[in-house]
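One chain follows as structure tokens, the form predicted on its own.
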């Protein structure tokens, strides 16, 4: 009887200790929280210093995160949304769901950053990735791509930040001529996927010649697989940048812990995980620098980026334009 009471006492103590451990819930895109993404490394490093339980929840691709946050309207369990980008931050700010992050510090970005609500954690340029052995002479522009018989896989701009980034890329490069570019590209598009992972998998399976991804994507194949056959095509009109950000929800049940995580994002413990798991450039370069192989990547001569307000103004018309062309 005494041993049973002792065991019950230990069980109650363990339950109480678990109940007293603060929980921070971060809503992120699926590839971030996957076993091969940054999630596991970030979780381990943050829990080692916070005395908390970091819970990472996958919710589709980047654009789907904001849709979920808006649907839940502050009633969800998430404290932080991680994985939006500058094409969505104006709309996200207008929802009133997010509060200032309160973090100060220097960033290693190609542009100045002064957004008090959203904090970057990584960045890269969008690009079409191909296999050098199958496409030895890739197109050098959207017009050359449209004139070719190459098949591409892209992502849906309504659910995917790369998909929306492609719309902004074409809009930034071609302005009022963007509809004609889409018209010319329509017969090159093999399919449109909900998110990045599905599209990239189709490319790796040999279903398409090229896939919308990033200039940094070939680093994965080079470093993780010792495969230098994958490359990003350099386009003469320039490449659109993606800067990925995180924001604290006003409904957070642990606002101090949430701000602690935001500050943690700019430390080496977080940023050193990014290059070889998310295969992007870190927002703040780690002390050790970038891994060998990143120096071989395409560096666009022209960087394109609409401001958050410009992107918000262009977003709905660009999606309608895209839908109208592809529906024909």
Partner chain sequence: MRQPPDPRPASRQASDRGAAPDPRVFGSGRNRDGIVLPLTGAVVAIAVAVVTLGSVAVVLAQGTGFALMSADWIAVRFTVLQAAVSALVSVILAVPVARALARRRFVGRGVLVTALGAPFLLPVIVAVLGLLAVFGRNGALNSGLGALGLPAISIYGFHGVILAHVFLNLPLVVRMILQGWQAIPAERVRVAQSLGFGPGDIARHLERPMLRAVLPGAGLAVFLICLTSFAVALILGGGPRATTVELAIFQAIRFDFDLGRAAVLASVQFGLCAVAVLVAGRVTIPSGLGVGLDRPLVLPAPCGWRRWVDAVAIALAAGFLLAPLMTVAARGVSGLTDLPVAVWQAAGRSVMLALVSTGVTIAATLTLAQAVIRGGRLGRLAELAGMLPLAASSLVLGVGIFLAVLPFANPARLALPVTALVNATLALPFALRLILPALREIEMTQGRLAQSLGMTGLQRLRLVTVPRLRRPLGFAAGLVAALAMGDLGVIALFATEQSQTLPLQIWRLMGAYRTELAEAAALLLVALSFGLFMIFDHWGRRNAGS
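All values derive from a computational prediction rather than experimental measurement. Positions refer to the first chain, counted from 1.
Keep in mind the form predicted together with the partner chain is missing from the figure; the text below concerns it.
- The candidate site formed by 56, 59 and 161 is fully in contact with the partner chain in the predicted bound form, as each residue has a non-hydrogen atom within 4.5 angstroms of it.
- Residues within 4.5 angstroms of the partner chain in the predicted bound form, judged by any non-hydrogen atom, belong to 34-42 and to none of the other stretches in 297-305, 257-265, 34-42, 281-289.
- Of the listed positions (252, 193, 89, 242), a single one reaches within 4.5 angstroms of the partner chain by any non-hydrogen atom in the predicted bound form, namely 193.
- Checking 200, 98, 182, 142 for any heavy atom within 4.5 Å of the partner chain in the predicted bound form turns up a single hit: 200.
- Taking the partner from elsewhere, residue 217 is found to have a heavy atom lying within 4.5 Å of the partner chain in the predicted bound form.
- Of the heavy atoms in residue 106, none are within 4.5 Å of the partner chain in the predicted bound form.
- The partner chain is not drawn, but in the predicted bound form it has no heavy atom within 4.5 Å of residue 137.
- Using a 4.5 angstroms limit between non-hydrogen atoms, residue 226 is distant from the partner chain in the predicted bound form.
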